[in-house]
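Taking the form predicted alone, here's one chain by itself in structure tokens.
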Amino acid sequence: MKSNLRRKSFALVATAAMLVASFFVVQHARGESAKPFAPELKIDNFTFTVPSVTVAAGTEVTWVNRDDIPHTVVSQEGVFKSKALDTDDKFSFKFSQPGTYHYFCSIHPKMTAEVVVK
């Protein structure tokens, strides 16, 4: 019984792996490349809900304000700066260069977080 279940589990995993691999083969054949992970970071309850995120160079990060008051997303290094984001407003920035980017809310400076770009 366990052996039969193992075989079925292995077959399911193998099928899934083949489907994923064929997706990348089709993309490559079309001249497409896989898009980098593009996180959406939430602002809520006077907090950047993800205090640190690591992404690959070339990744676009999007912040969305889920709070009921305005917030900003401002780089301490002066690399990016959003307008005041009202509820459900979004701000995006593409990180081209590796490094650590610290940011804060200019309206509420105790709100801080970082993006680490590899």
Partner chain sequence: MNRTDRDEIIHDRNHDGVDRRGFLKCMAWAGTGALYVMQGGVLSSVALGDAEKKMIGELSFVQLSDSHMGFNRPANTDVTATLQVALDRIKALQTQPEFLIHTGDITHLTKPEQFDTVSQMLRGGPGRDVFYVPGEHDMIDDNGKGYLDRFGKNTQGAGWYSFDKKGVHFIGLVNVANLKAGGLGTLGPEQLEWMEKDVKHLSHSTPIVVFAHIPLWTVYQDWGWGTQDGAEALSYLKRFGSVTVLNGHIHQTMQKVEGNVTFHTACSTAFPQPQPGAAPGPGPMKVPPEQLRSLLGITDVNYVRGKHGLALIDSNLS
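Small disclaimer: the values here were computed from a predicted structure and weren't measured. Residue numbers count along the first chain shown, from 1.
What follows is about the form predicted in complex with the partner chain, which we do not show.
- The three residues K42, V53 and T59 each lack any heavy atom within 4.5 Å of the partner chain in the predicted bound form.
- None of the heavy atoms of S92 is located within 4.5 Å of the partner chain in the predicted bound form.
- Among residues of the shown chain, T49 is not one whose heavy atoms approach the partner chain to within 4.5 Å in the predicted bound form.
- Under a 4.5 angstroms non-hydrogen atom cutoff, the partner chain in the predicted bound form lacks Y101 among its neighbouring residues.
- Contact between S106 and the partner chain in the predicted bound form is found at the 4.5 Å heavy atom cutoff.
- The partner is not shown here, but in the predicted bound form the stretch 83-113 reaches within 4.5 angstroms of the partner chain through a heavy atom at K83, A84, D86, T87, F104, S106, I107, H108, P109, K110, T112.
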